[in-house]
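Shown here is one chain on its own, the form predicted on its own, set out as structure tokens.
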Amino acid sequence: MSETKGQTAIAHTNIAFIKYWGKADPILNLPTTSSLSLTLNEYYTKTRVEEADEDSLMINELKQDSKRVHEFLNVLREEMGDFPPLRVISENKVPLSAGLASSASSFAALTAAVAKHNNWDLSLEELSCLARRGSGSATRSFFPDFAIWDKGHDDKSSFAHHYDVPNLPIALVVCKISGTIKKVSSSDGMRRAQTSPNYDAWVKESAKQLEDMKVALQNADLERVGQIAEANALAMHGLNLTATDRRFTYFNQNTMKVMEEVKVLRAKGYIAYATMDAGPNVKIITSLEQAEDIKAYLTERFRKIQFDIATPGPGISYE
């Protein structure tokens, strides 16, 4: 029996150090701010597409609701020309909808697989632009190590690019506080956050923090990188708490306890700074040298939380 013709792509998730949190155009997924992220080696999505009778989705061998994928594939058809229905088969090495950027790696891998399957001759930046229509954060998962998503001003000017950073021995200690699906989706969370009276000030401060972050990265100043990233993340989550449309938080008790221990670690002399996306899981920015010690320290104090070490990851690849 011959194998069904198809194409497989692998994209790694990314964690933003300067956050994307708000849309200037919800249809095109144009952001209100530019953002900067680190691609992670340990978390990824492998996606295969095959021609079928209708668009469908399997994740980790389980059939899923394919509505969002079908709508995204139709966007690609409108942008690039029609193509037959596709069976999408994904293997996800990251918890879904828990603030670990599963949609970023998922839509980046899907976009790349469809493009390769249809023999589209596109640059990484052009793929990034297409993937944005499925998930904003997916723009950054095409690139190794650090990436910047320029907010742009229209559909064709909003995409990510690689940001070259020399000799930065960075690692993240990932605190898997919860792998369950979050109650407030990222899209809904952004809509609510944009009703905060502090939102415009956050947008202005974020632009300044991006420029400061670029300087810190070029100087290989890991402590300054952590300081800026933590300030940006805490301010982002502060918007959720001050939203006038149904304020909310992604934090739970363990989120707060881990963040307190991050401050204790700093007082002990470690490089340790927290960043959190749309979920309760904490990512601790530190050095490769100190990551194992921090993991051991936290594992001793939180027996029911899983702690992993994540390192800089590669860009898009194919099988």
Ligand code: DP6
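Residues carry their position along the shown sequence, with the first being 1. What you see is a predicted model; the values in this text were computed from it and never measured.
One more form of this protein exists, namely the form predicted together with the ligand; it is left out here, but the text below deals with it.
Contact stretch among 164-172, 83-91, 136-144, 118-126 - heavy atom within 4.5 Å of the ligand in the predicted complex: Looking at the other structure, the answer is 136-144.
In the predicted complex, the residue from S196, S103, S206, Q227 that sits within 4.5 Å of the ligand by heavy atoms: It is S103 that has a heavy atom within 4.5 Å of the partner.
Contact assignment for the ligand in the predicted complex, among N29, T32, T255, Q290, heavy atom within 4.5 Å: The residue in contact is N29.
Any non-hydrogen atom of I285 within 4.5 angstroms of the ligand in the predicted complex: Heavy-atom contact with the ligand at 4.5 Å: absent for I285.
Distance check, R266 to the ligand in the predicted complex, heavy atom within 4.5 Å: It does not: once the ligand is placed as it appears in the predicted complex, R266 has no heavy atom within 4.5 Å of it.
4.5 angstroms heavy atom contact with the ligand in the predicted complex for S186: Heavy-atom contact with the ligand at 4.5 Å: present for S186.
Contact label in the predicted complex: A272 to the ligand, heavy atom within 4.5 Å: Result no; A272 lies far from the ligand in the predicted complex.
Triplet A16, W21 and R68 all within 4.5 Å of the ligand in the predicted complex via a heavy atom: So, yes: the whole triplet contacts the ligand.
Partner contacts for 193-226, taking the ligand in the predicted complex and a 4.5 Å heavy atom cut-off: Residues within 4.5 Å: none in this stretch.
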